[in-house]
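This document opens with one chain alone, in structure tokens, the form predicted on its own.
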């Protein structure tokens, strides 16, 4: 029986009294720019993720861009990117002056296909950006050794994988650098914001120069030494305060997302027209959102919306977007899954009854 009478959102940011208190402290300090609060946020994030260094920046896109530049990517280079990802992954590579090289995905995971990655490496390949789609680990066991053997830098796009672990380590800590997003639809949000983590001290120094006008340490804005070219991609104390306030709830949020996934996995078992994509939640993977492959996806989405249950269809494959247009035939797997893929309601506020209600409606739709 369906009892819900309220909107079931796809996602909804959660902030409260702790965030307001932290922001007010920053306002009272009258230092709103990148300062000691941002440093504390970086320190705490590095400690939570088990990384030596963390550099906070303006967005997840900026994080990938700066990590690529710090790793030496420049005009004339190629950066391998999966075809099924948010366009920011490719745009970050484009911003460096390099050429994004799109490769097909594994239809069972929606992550980069190892064989496609291997086949795309050329003498110009400088980096690869594996994306952990929805928090599901990309095939690192294949990507990392091949990249090492071919001299390709691995920059992880972990924008959707905060606090998701694989083989005993957090995603984002396997490559030369890992990049996170704190946009409003993430487990932790600072409104906009991003983070690069790395164990490479020289890379961390270069990242700080790049994000702060060439200064490796925070300056005065006056007679500072600018040893290299840099830009302004700083995360402010105001934003970092919001992030710090949410850090103590990171464990409970990850646990809730795992429980939501289990609810959909069990509640939709046996429905042949929909497949809940796998997460190794018992081995540490944490979903950002619950993704599925659904027959008649768009009509299903409309049906659920009629009942105030909100979903989000997947991205169009990058090769179908005008800036990165390529022939469909080069991406058979992405084309086979993209129009069936969607994220089910995955907001932290969802109750067990909400998840059950969505499952019941989905069953109703396919039984009609």
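If you're wondering where the values come from, they're calculated on a predicted model, not measured in any experiment. Positions refer to the first chain, counted from 1.
Same protein, other form: the form predicted together with a small molecule, not shown, and the subject of what follows.
Of the candidate stretches 164-172, 265-273, 87-95, 204-212, only 87-95 contains residues with a heavy atom within 4.5 Å of the small molecule in the model of the complex. Within this chain, residue 160 lines the site of the small molecule in the model of the complex, having a heavy atom no more than 4.5 Å away. For the chain shown alone, residue 193 is a contact residue for the small molecule in the model of the complex, at least one non-hydrogen atom being within 4.5 angstroms.
For the chain shown alone, residue 109 is not a contact residue for the small molecule in the model of the complex, no non-hydrogen atom being within 4.5 angstroms. Remark: residue 64 counts among the residues lining the small molecule in the model of the complex, judged by a heavy atom distance of 4.5 Å or less. Remark: all three candidate residues (59, 181 and 186) come within 4.5 Å of the small molecule in the model of the complex, counting heavy atoms only. When the small molecule is considered in the model of the complex, only one residue from 315, 324, 303, 31 comes within 4.5 Å through any heavy atom, namely 315. Put simply, of 257, 101, 131, 242 only one has a heavy atom within 4.5 Å of the small molecule in the model of the complex, and it is 131.
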